[in-house]
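Only one chain is shown below, in structure tokens, and it's the form predicted alone.
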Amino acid sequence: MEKRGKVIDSNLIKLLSSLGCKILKDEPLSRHCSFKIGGPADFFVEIPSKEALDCFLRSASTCNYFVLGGGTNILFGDDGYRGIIISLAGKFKEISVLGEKIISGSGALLSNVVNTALKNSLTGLECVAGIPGTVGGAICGNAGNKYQWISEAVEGVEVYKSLDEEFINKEKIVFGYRKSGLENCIITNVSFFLKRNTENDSLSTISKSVQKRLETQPLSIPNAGSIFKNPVEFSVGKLVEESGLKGICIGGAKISELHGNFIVNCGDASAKDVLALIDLIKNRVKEKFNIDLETEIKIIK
């Protein structure tokens, strides 16, 4: 979620510090995203509790701010961000189990929630095994594979809309392909309703899913996951391959030779390099197949 307004107020920074927030000034955003790309943010603030978040939202209504999840599907601009990047930490990373329910803070790593389900013999989250990032980001983008989505395991979410927190039942959430309708909210907690794993086959399913990702995606090189959403009945990876673009480099960025829907940072890539490759892919696929590609990653400048 991004909010635009005027510049930040130093008094707000002092107030947040008093509530236990960790505050970094001129923080390179390359340190906070899987692409390892991005200039400095004016301020980077880790918010540890609902009290601090509530205070921030009520005090920062005129500030520029962006709520960052795990940073695994983000491209930050080379000039950074003029405002505050906030990250939900502390209490927002807690996970609890209540029978067949898992209650997770939105800042918890998705992998930790999957492992919690596995340890408690609960099934329903195998589809997101191996996917990096936080629970909040996974819910916002309805993460999953082509057979199942995380939304199928969701009971409801707690969110901030403007200055008010509310619980939204799954039936009122408009989940779809790579979307949730919650993009303009701040997700704070998620309730998953799972099933008892009587067949004890979750570990095998998770292992196969993780192994497939390792074999088909360039996970050892900095990237931001799938760059584009797959059009109906088409695979972007195959469209890129058939366009002859796999392995093409611009600056320090390269279209992965392993998967055409991934752009990787070979070590010194800039956001400008990545954006140039995105435009190249869009133009070539449009020219060859008359298909308009839509980016899946978020581009924040």
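All residue numbers refer to positions in the sequence shown, first residue = 1. None of the values given here were measured: they were computed from a predicted structure.
Not pictured, yet referred to below: the form predicted in complex with a small molecule.
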item	value
Partner proximity in the predicted bound form: F44 to the small molecule, non-hydrogen atom cutoff 4.5 Å	no
Exercise: S104 in contact with the small molecule in the predicted bound form, heavy atom 4.5 Å	no
V113: touches the small molecule in the predicted bound form, heavy atom cutoff 4.5 angstroms	no
Contact label in the predicted bound form: K93 to the small molecule, heavy atom within 4.5 Å	no
Among 211 to 219, 94 to 102, 113 to 121, 161 to 169, the region lying within 4.5 Å of the small molecule in the predicted bound form by heavy atom distance	211 to 219
Heavy atom within 4.5 Å of the small molecule in the predicted bound form - the one residue of V157, I84, A153, C140 that qualifies	C140
Listed residue that, although the small molecule is not shown, lies within 4.5 Å of it in the predicted bound form (heavy atoms), from L239, V67, L57, I248	V67
